[in-house]
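Next up is one chain by itself, shown in structure tokens, the form predicted on its own.
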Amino acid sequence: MAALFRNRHLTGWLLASPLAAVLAFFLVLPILMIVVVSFWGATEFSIYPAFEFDNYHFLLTSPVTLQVFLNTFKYALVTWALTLGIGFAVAYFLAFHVRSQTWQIALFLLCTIPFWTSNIIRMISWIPFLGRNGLANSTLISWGVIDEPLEWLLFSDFSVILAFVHLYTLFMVVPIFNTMMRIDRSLIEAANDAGASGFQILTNVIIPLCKPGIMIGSIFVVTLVMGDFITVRFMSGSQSANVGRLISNDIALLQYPSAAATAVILLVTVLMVIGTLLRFVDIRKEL
């Protein structure tokens, strides 16, 4: 028995087995159940065990489903680009322009204040601001910028993306800021001494060293946006949809096999996106 525990390899597996069992039961098993149900059949009144590809055939050939997936990719891509720009700028300011560690912590905590309340409350708070008679339109009219209220501010793709950026920018700020704080400042000083401009330092020193943080933030933002359906429902006024909304509607109609098939395709798509992102950088160095 003592010789058994002296085997470090075996001891490592024994120590990891409880957590592996928990992950298998609460993560792997539910996913396998979703995959199994995705091949079942359904009628208007019931679902029945089967092994058929009707759900996948409908999803992969329906123009409506294709449009919904394209809509989801559009939201994810635009939100990713905006959160990356804003998150990088905020992280850069905190890491390189705020010298005091106390102020860095204070300003970083200030960024987390919106997270002290729920996502739904933060999202809905935009509705009275962007509405036809909201503060934004009233201010623009009073300044003489517009003559009549802008209809596209609310219940449009603009309002959906605005809410996404508001909700998920911090998920980009945190990993980028963490990466920037690990950059050896002597590298920047060496680049300065070599005559590099500020833009050259940014593109040749800071951004390459921030790639792990950028990738981690990108994975967070893309996966959250692609799975979010509440934001799309409220901020588009039910005039637009994404894959999450499609799954929600199928569940409401008790079409569980169709919802499971959509969830499987969404999962595969997200894993492909994450796999593509991970090819650009080894985030294990960050973890």
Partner chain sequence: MTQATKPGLSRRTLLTGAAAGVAASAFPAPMIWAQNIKDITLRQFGTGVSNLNEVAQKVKEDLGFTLEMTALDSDAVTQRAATQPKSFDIADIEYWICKKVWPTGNLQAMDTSKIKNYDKIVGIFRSGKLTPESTIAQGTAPHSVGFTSGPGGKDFVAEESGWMTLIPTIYNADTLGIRPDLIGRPIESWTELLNPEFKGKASILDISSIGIMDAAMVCEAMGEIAYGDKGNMTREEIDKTMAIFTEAKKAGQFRAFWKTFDESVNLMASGEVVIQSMWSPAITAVKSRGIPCVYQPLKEGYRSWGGGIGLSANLSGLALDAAYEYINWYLSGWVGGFLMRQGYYSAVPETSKDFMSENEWGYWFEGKPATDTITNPQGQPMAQAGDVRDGGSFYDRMGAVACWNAVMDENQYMVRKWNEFIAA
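Please read all numbers here as calculations on a predicted model, not as lab measurements. Numbering follows the first chain given and starts at 1.
The same protein also exists as the form predicted in complex with its partner chain; that form is not shown, yet it is the one meant from here on.
Peer 1: Give a yes or no on whether every one of S46, G131 and A252 sits within 4.5 angstroms of its partner chain in the predicted bound form by heavy atom.
Peer 2: So, yes: the whole triplet contacts its partner chain.
Peer 1: Please pick out the stretch from 84-92, 169-177, 109-117, 149-157 that is in contact with its partner chain in the predicted bound form, where contact means heavy atoms within 4.5 Å.
Peer 2: Looking at the partner contacts, the answer comes out as 149-157.
Peer 1: Flag A42 as yes or no: does it have a non-hydrogen atom within 4.5 angstroms of any non-hydrogen atom of its partner chain in the predicted bound form?
Peer 2: Heavy-atom contact with its partner chain at 4.5 Å: present for A42.
Peer 1: With the partner left out of view, is M33 within 4.5 angstroms of its partner chain in the predicted bound form by any non-hydrogen atom?
Peer 2: No, no contact at 4.5 Å.
Peer 1: How about F58 - does it come within 4.5 Å of its partner chain in the predicted bound form, if we only consider non-hydrogen atoms?
Peer 2: Because a heavy atom of F58 falls inside 4.5 Å of its partner chain in the predicted bound form, the answer is yes.
Peer 1: Is there a heavy atom of F53 no more than 4.5 Å from a heavy atom of its partner chain in the predicted bound form?
Peer 2: Because no heavy atom of F53 falls inside 4.5 Å of its partner chain in the predicted bound form, the answer is no.
Peer 1: Scan 205-229 and write down, in order along the chain, each residue with a heavy atom lying within 4.5 Å of its partner chain in the predicted bound form.
Peer 2: Residues within 4.5 Å: none.
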